[in-house]
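Here's a solo chain for you in structure tokens, the form predicted alone.
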């Protein structure tokens, strides 16, 4: 009889469920793909139900349910911090008590009730250990340093581990309230973006600026022997119920950007007034400074990891591991020959790590094959998709297995298409299964997709997807970041000779967050790009996630059709069906 383990992450953001069968991933999916609430933190009941259905089992067949952190230790941190910061924490303390005494503290019982498991079948893994397991066990490496960097778990905000076969050993950690993730989120909020969502926007905004605020911001963040510290007088997350920064941060950095304020730096004035340009440039320079600090901090931590652990491979997890520009610098300038980051490096990935920790470290089972694919989520049978299209009276044709070639032809003809193929991706990146695709050559394509399809800020870049056999012709990809580039987790230079060719996917600073597409792991998407390349001479496509602003990535054919009719997409592909716009 096979052994099934269900991993769960929830109750903060990006909740997810992962099902293992004898240590191999059967299904992995975020709850937001079912609830349609972006970054949904709720217990992933629907995601777990789908995982079980995918395997053809019920919850009675699951040997262990594993939660990705230990709630009592987290509660201990909240209590201790509230006492240490009193009386400033007087407003936060009752809010924390209502949340914990009303629900979170009794998590074992809530998990049993929500998922239908016995209490003795529930395990809890430490938050950063879940991250470490999610980074190391799916990797191809049997001996590696493991670096986890995020906002906060129970107490740890940054941790270093040594992974050897099926064992993960702690080496060092930085504890709350000192946190790189919370620091970057505080700057994100200061720049007018939502925390846990807008960090990617800060990374894109940084390319328009210069790090001219280093003198001021180096007062906030200091690197020390193997770690870092923050001047906590400028921050409030350890005592305020909702604010990340204290009034001193505004005194140091100037007034914050109001959400929705136009962003028109000198690189893109387009008729803006001088005052608006100056304000936008200041925001860009603040973003550039914070981004440079995070990159240097990650390099500092990587060098310390090399000195302490001494392996050739580094596995990284935690929300900061999704900072693709920092990842490139660690790969290009760091001391490790190999860098590994799994596609859902943030909190969703904790579900994967918790399940793998139980399989390897608790049950003592040997390692299996490395994780090579990201299409681990939801799919829909062709007959159900056809039934939906018929019910909606959609204009479509079944193009069969020629769908990738037809899509490549449509892209070469200048169409912007929605591409939904097979199972949805695990993690936040669209990797050719739930993507919006377009011609990468013309800068106006970028503006068109931003304005009439995605309805998002025009300064944000789009990613290119390139077939593996031609990647080095267009992009400068360090050897250490070959694996992260497969999952679109590294941003680096576009070659000078290719920047004019890739006008829609080359960012203002000459970089791109490239995805390298391998024919063995993504055969149909590889065929789309290859066909486009055969027609145009450029085996690269513009790729962005298939969703509208403020919504999760599409998961089902219903989601795809809803986004299609509400956007300016020219065509929609759902597996083998080519759908035209309604008349």
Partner chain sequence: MSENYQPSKLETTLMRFGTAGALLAMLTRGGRWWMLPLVLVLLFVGVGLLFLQSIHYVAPFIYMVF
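All values reported here derive from a predicted model rather than from experimental measurement. Residue numbers count along the first chain shown, from 1.
There is another form of the same protein, the form predicted in complex with its partner chain; it is not shown, and what comes next is about it.
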- Message: Within 4.5 angstroms, counting heavy atoms, which one of the listed stretches 283-291, 116-124, 476-484, 183-191 is next to its partner chain in the model of the complex?
- Response: 116-124
- Pick from 307, 79, 382, 451: which residue has any heavy atom within 4.5 angstroms of its partner chain in the model of the complex? 79
- Among the candidates 72, 413, 337, 500, the residue which, in the model of the complex, approaches its partner chain to within 4.5 Å (heavy atoms): 72
- Item | Whether 83, 97 and 109 all lie within 4.5 angstroms of its partner chain in the model of the complex by heavy atom | yes
- Task: Flag residue 59 as yes or no: does it have a non-hydrogen atom within 4.5 angstroms of any non-hydrogen atom of its partner chain in the model of the complex?
- Result: yes
- Exercise: residue 93 in contact with its partner chain in the model of the complex, heavy atom 4.5 Å: yes
- Query: So, in the model of the complex, is residue 244 in contact with its partner chain at a 4.5 angstroms heavy atom limit?
  - Reply: no
- Query: Contact between residue 217 and its partner chain in the model of the complex at 4.5 Å, heavy atoms?
  - Reply: no
